[in-house]
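First, one chain by itself: the form predicted alone, in structure tokens.
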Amino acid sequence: MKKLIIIFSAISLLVFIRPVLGLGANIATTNSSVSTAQVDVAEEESIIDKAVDGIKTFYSYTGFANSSSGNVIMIIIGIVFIYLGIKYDYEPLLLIPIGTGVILGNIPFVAGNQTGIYETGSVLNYLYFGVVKGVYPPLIFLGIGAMTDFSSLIANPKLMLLGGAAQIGVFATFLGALYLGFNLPEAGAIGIIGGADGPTAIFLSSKLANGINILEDGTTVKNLIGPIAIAAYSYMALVPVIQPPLMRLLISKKDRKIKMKPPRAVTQKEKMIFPVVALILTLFISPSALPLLGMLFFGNLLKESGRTERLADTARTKLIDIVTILLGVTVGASTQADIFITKDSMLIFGLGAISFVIATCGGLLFAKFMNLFLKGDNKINPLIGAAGVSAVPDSARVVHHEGLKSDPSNFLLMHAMAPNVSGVIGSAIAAGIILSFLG
């Protein structure tokens, strides 16, 4: 009996204690779960923080975080260049590569990133070498020579004077740049914009205003290659916009209707002799222009010799196309906002516009002056004086179209090509003279 009481008591005690033990176990389990949950929450918060930090780091490397108002302005300008090239056919072979280069050069990046054109070791920097060292312009002149027919100039040599007269824009711009405070080498480089010759402008600025040369007083010249090149090519592209109003302003309708007698036929022998004679004469006058004029007349000799058609074809097609792409993109990419959007750049663009107007007016007025000494069918249509600038062949085309507006039977294209190609020669000679004095 006593044993039964002890067993019953033990069972009762277990029955009573079991819930209590269960509660304790549950509490311990709950506490353990809470601790685990806290750890999980902490880990989740840590992962979120890391993700946020990663996103912030990623954003800091994007162009959105590093862009400035200047970058946006330049990108818009690049888009405008592309639009003008596509929509209005304004020098598309130049404006589209340059516009694309402007966009490439103004994609903002973290300092030290090896992508910008001024970052040593970047691909764009290597391609820009051809601009800085003046490699691309002579190759462009080689292609121009291989595609140019000098027959109209050979047939009527007096029209070369119109190409020379238009170079007044070069020297007027040079004086204007000096007046605005640019030093001599910088003013010389800026002045060549007046010739409306992009390759020559790049060549001369790479020699005089490259940001490397040191003057006698110890100051370093500014790097003006980008602004000068963009100004020169911009005004070349705007020939159809700028020149016609000046033609109508300075030349009467009666003079615009003057018909010039057809140029005489030029023999193949004359065409072959011309580049050799012109090469010797022009380079004796301006030896510093040898890289440009040497390649120009060499390319023309390849074309006219009749023995090197393959070389001439390569120069006027594949080679000049490749160099135009590289030149356009790298010149455009050199217009980074922090370097390009400056007071100097704005002054250069203003001087460029004035110089182009002066050059056009100089050619037109000199053509009228020449007519004072010419009689009968030897008179020239003064409109062709506007083609004295170096924008080949667009300026000659503009002259032709203006002539047709006054008289649908008046064809001036071949006549206008004479001062047009002489303008190319004239601007290169002017560049050589400036380089001789200031280089």
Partner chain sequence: MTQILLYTDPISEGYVILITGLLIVFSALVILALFFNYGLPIMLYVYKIITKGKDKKISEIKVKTDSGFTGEISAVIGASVHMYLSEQHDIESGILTIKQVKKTYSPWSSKIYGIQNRL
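The shown structure was predicted, so the numbers you read here are calculated from the model rather than taken from an experiment. Residue numbers count along the first chain shown, from 1.
Omitted from view is the form predicted in complex with the partner chain, to which the following refers.
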At the 4.5 Å heavy atom threshold, is residue 165 in contact with the partner chain in the predicted bound form?
yes
Residue 270: heavy atom within 4.5 Å of the partner chain in the predicted bound form?
yes
Within 4.5 Å, heavy atoms only: does residue 171 come near the partner chain in the predicted bound form?
yes
Contact of residue 340 with the partner chain in the predicted bound form (heavy atom, 4.5 Å)
no
Of the listed stretches (242 to 250, 198 to 206, 345 to 353, 281 to 289), which one has a non-hydrogen atom within 4.5 Å of the partner chain in the predicted bound form?
281 to 289
Of 147, 184, 82, 221, which one comes within 4.5 Å of the partner chain in the predicted bound form, counting heavy atoms only?
184
So which of 103, 161, 323, 357 reaches within 4.5 angstroms of the partner chain in the predicted bound form, heavy atom to heavy atom?
161
For this chain shown on its own, do 88, 236 and 311 all sit within 4.5 Å of the partner chain in the predicted bound form, going by heavy atoms?
no
In the predicted bound form: members of 341 to 380 within 4.5 Å of the partner chain, any heavy atom
366
